[in-house]
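Given as structure tokens, the chain that follows is alone and in the form predicted alone.
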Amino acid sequence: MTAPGVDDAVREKPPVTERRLHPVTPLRRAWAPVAVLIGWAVHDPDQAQRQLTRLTTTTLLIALALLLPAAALYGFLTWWFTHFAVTDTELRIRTGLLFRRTAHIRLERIQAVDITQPLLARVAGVAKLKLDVVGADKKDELAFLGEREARALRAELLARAAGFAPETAHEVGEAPVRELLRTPARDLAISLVLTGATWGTLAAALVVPPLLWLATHSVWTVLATAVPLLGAAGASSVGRFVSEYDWTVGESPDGLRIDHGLLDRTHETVPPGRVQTVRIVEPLLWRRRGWVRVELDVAGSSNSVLVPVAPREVAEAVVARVLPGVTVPPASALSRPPRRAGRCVPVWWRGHGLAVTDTVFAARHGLLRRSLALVPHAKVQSVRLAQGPWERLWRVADVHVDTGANKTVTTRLRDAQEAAELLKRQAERSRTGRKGARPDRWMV
């Protein structure tokens, strides 16, 4: 005989419903066998050419007739044997045709859920869901889902990660977004033209190949050098424009939303409380226009750019949303190293600066391309002092601040006594900062 109320306590939970990916997914996965053949041909082009010359037209047609159905069958089977399900505590992904793999992603370990849409995926109305998880070296992904399903699943995962009950997580929906910044395409194009890296790679691509031809008269040597240089020049100019086109930053309860991309559209989230360092970068040719670039170090995430280009006051307003309560120190508040530091680093010592406020450790470096790094005291994992023999002679030292994103911010060439005092006080500020820090939770 069962006591009253026990039935409710021991009531079985409803079975977990497993779902499949979008039916268009087999078309993506069918390319795997073809990609293997292409990779072999690229790896050993001479051998591939010899093998092709031995084959007759009939043999090639028969090979294609066998390869295409085999590729289609492979794509279908990998899609058929891939399932995912959301339970009360985890996202479960089962994959594998011959060797089965089950990933158990605990919801409270999720740091970011991003949606990406390559060009063909946008045409097909599907999207890829990428998950940043604490302790994972690479992102787990679900590719592909219907666009609406991907957004609904993302909202559900974030709601459950925030602590909403499973029965109400479906009702939360996608959090509203308030736009903070949108980068005009004209400003983005001008900023790339005014970036030294763009002209540097382009100049190298135009100068180095002719010099190699004069030295070696080898076409393969010239091509092996020119193609990567041209690719780098394109990536630093056209590639960045395509990637950062229509860059939009919006604020929502689950963090800052970043949408960007001309061909491949990406929807990223900067997780609240996970930002370890913010860098405000100011190239030389941008200063007349008052433009800056804002970069991030986020623990366990690949997000690295917050604002590609914007006026300084606009960028600082966005930084204030990422680091609540933090004010960017003005240039006048940054103290330079002592003049004797010029004996260690001539001329360039003037580009270094330091400011420590109640909330952040701020270090600047660079003369032509200034970069100001802001580290909240609560995010400092360790502090180190380094002093080489030449620095010891001139009584200067470097102070290194390590963050949770496995990155280091360094203030260089400080007076040795000042550096020792800074080491001691920064360790104390970090301890007190962590005590008063807000929890790294979603939607709180």
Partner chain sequence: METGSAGNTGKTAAAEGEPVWTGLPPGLLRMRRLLLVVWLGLLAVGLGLLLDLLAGPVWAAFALLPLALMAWGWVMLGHNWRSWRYAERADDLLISKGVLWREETVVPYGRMQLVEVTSGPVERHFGLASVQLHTAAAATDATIPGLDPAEAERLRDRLTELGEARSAGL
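Note that this is a predicted model, so its numbers are computed, not measured. Residue numbers count along the first chain shown, from 1.
Separately, the form predicted in complex with its partner chain exists; it is not shown, and the next lines address it.
- Although the partner is absent here, residue 404 sits close enough that one of its heavy atoms falls within 4.5 Å of its partner chain in the predicted bound form.
- When contacts are judged by a 4.5 Å heavy atom cut-off, residue 413 does not count as touching its partner chain in the predicted bound form.
- In the predicted bound form, its partner chain lies within 4.5 Å of some heavy atom of residue 427.
- Though the partner is left out of this view, residue 385 does reach within 4.5 Å of its partner chain in the predicted bound form, counting heavy atoms only.
- Screening 277, 269, 191, 111 for any heavy atom within 4.5 Å of its partner chain in the predicted bound form leaves a single hit, 111.
- Just one of 299, 226, 105, 258 comes within 4.5 Å of its partner chain in the predicted bound form, counting any heavy atom, and that one is 299.
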